[in-house]
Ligand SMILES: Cc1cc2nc3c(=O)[nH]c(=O)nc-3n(C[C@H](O)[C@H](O)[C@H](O)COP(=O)(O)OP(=O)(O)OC[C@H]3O[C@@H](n4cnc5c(N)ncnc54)[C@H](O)[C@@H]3O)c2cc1C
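Take a look at this single chain, the form predicted on its own, given in structure tokens.
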């Protein structure tokens, strides 16, 4: 920082972004469902943590409702397992999207630095490259992949 700010600084810290998703959103007996930051941590781009945590809770409630009305232990476990599977797919998709944004912003990737340099050199010819430089590749503009099985 510029020395002129030295008298204004009262605190300095750094924060490391975590990009993690649990291996399973439920336990082996399908009695516990993880949601939100108990299940995943993302870099804070596009509010992916909260925007993933709320659907985690909603899908968990639906799965629990189905489990409570199940007529067998197998059906109960299947309802919880389906909820867990759906949210893990979404969490992996969100992790990958926020990782792309993180690499774009941090500039620690040789490939991403090259892409930014090329985009900057083409802005006068292809103005949309300037928008890409400003907004960055913050992940796909569509939702996570569809589940192959519905519950």
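Numbering follows the first chain given and starts at 1. Keep in mind it's a predicted model, so treat the numbers as computed, not measured. Basically, rigid core = biggest C-alpha set you can superpose within 1.5 Å across the two forms.
The protein also exists as the form predicted in complex with the named molecule; that form is not presented, and the subsequent description refers to it.
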Practice problem: Spell out, yes or no, whether the shortest heavy atom distance between residue 32 and the named molecule in the model of the complex is within 4.5 Å. | Solution: no
Self-check item: Partner contact for residue 15 in the model of the complex: the named molecule, 4.5 angstroms, heavy atom
Solution: yes
Practice problem: Considering only heavy atoms, tell me if residue 48 and the named molecule come within 4.5 Å of each other in the model of the complex. | Solution: yes
Quiz item: in the model of the complex, does residue 107 have a heavy atom within 4.5 Å of the named molecule?
Solution: no
Quiz item: For the chain seen here without its partner, which of 118-126, 49-57, 92-100, 22-30 has a heavy atom within 4.5 Å of the named molecule in the model of the complex?
Solution: 49-57
Quiz item: For residue 13, is the C-alpha shift between this form and the one not shown 2 Å or more after core superposition?
Solution: yes
